[in-house]
Structures are given as C-alpha cells and as structure tokens.
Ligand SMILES: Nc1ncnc2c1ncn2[C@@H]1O[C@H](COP(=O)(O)OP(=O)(O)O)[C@@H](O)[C@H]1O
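Take a look at this single chain in structure tokens; it is the form predicted alone.
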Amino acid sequence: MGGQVLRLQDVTVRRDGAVLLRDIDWAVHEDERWVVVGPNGAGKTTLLQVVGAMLFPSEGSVEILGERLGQTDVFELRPRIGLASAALAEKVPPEEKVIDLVLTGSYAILGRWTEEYDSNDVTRAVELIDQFGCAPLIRRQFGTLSEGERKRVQIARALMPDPELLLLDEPAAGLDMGGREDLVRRLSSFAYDPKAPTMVLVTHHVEEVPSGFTHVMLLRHGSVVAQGPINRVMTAENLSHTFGVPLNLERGRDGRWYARAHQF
C-alpha cells in the first residue's frame, strides 16, 4: 500500500437545505484505482468536486495530497490534480485548437492567450494526444470534435501537468458503444501502468468500469453503501441496494462488469 493521497473524515456537504453528502469517511492510497458508482443524484459529482479542491465541505476534514482544505492555497493544490468533466468541457472555447487546449492543462487554465510553452511542454502534449488516439486531431478546433474525441482530448489535457491525482467524471457518458469501448480500453491500459497517477473515476454504469481498477465506493442518497477492494465490494447484493432495484451482476473473463435487472 502506497502513501495516502486522499483522506476524508466525517465529510458532509449541504446546499440550499439539501444534504448532498453525509458522513463520508474515505482513504485513497497511491497505488489504488478507485471507481465511485451510484445512481443519478447520489452525490458522485459533489464528491469529486470536494476531492478536486473545488468545493469545501460543510462539516468534516479533507486532506488532498498531504494538504488540508481550509489550511492551504487551493490555487497551488489544483495543478497537482488532473480533472476531466463535462462541466469543464462546456467552458472550453469552441475555436480552441486541440494542441493548445492540452497545453493549457499545464497551468490549470482554459483558453490559450499569450503564454509561452517550452519545447518540453509541446513534446509532452503531443505524446499525450497520441497516447489517447487523438494525433490526427492535433490542429482541429475543439468545437468540431465528436463527443468521443472530446473525452479523449480532455483526459490528455488532465494529464498534462503530470498530476499526482486524476479525477474522471463520467468519462464515457454520451458515447456510442464504439466510443465507449475504445475509451474504456484505453483507461484500462492506463490503469495497469504503474507510472500512472492515482485515479478516481465516477460512473453510474458498471459496464463503464475499466478492468485494472482496484477499489470501489458505492453511493446512494449521499451516503456510502459499501467501499473497499472491488472484488469484495462489487456484489449483486450491494449493487441492488445502491440502485434500489434487484440486479444480477456478472464479471467477464476480461475483468469487466455487467449488470442486469433481476428477472422475476
């Protein structure tokens, strides 16, 4: 077990009188790959905002990469965290070229202005773009890309600053089957790479969980149903409780999960 990357203790988040997260205790270590699974409204994105240093909890303590929220400069902390999310993609200028978008990830900004990037930055950006199958898109404008292409470019951008923690908010959402399978395959390969950063991936479909992920947290109504090693926690019983419907759960030889409603 590697060093501790995340530590949440008794974390509760309230907004406009609603409790979005309730009494979350969670520890993530360097060599772990976590997936957070739950239905819409379970609090998954809120949890990711907290561990991405974008949202402070109403109660409890949060330590990210050895820094405690409320006692550290989040603007220095955030560049150590890579984030890919639909909310971030919506803020990208549609005319931004792919190479420039990935380069701006170095400084956790959106939209390239007059920044100067050295040759090492450019080389790293090109390598990441190629790693996620986007080399032919390097001079394309972000607004002209397909949804699958956008997702892969976002992940390349999130990796640009060589983050210690990578957060992926429903990376396969909105993709057709071909796009989903391509992305999940790439993420699975990345998850097995010992040089890859600690990862937390959020989804509400177990079919989108790449093989190679080691741990799972199941969330429902802002509370943890179960968490721990994926082989122990990802069960039909736990998943049925999480989604509020009887489910059958299978795991293929490739390590991927498949859930179906129980047939009466």
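Since the structure is predicted, the reported quantities are computational estimates derived from the model, not experimental observations. One-based numbering along the sequence shown.
Missing here is the form predicted together with this ligand; even so, the following discussion is about that form.
- Though this ligand is absent from this view, in the model of the complex it lies within 4.5 Å of a heavy atom of just one residue from Gly70, Gly66, Gly228, Gly41, which is Gly41.
- Stretch-level contact analysis of 26 to 34, 228 to 236, 206 to 214, 45 to 53 against this ligand in the model of the complex, using heavy atoms and a 4.5 Å limit, identifies 45 to 53.
- Proximity of Leu20 to this ligand in the model of the complex: non-hydrogen atoms within 4.5 Å are present.
- In the model of the complex, this ligand lies farther than 4.5 Å from every heavy atom of Asp254.
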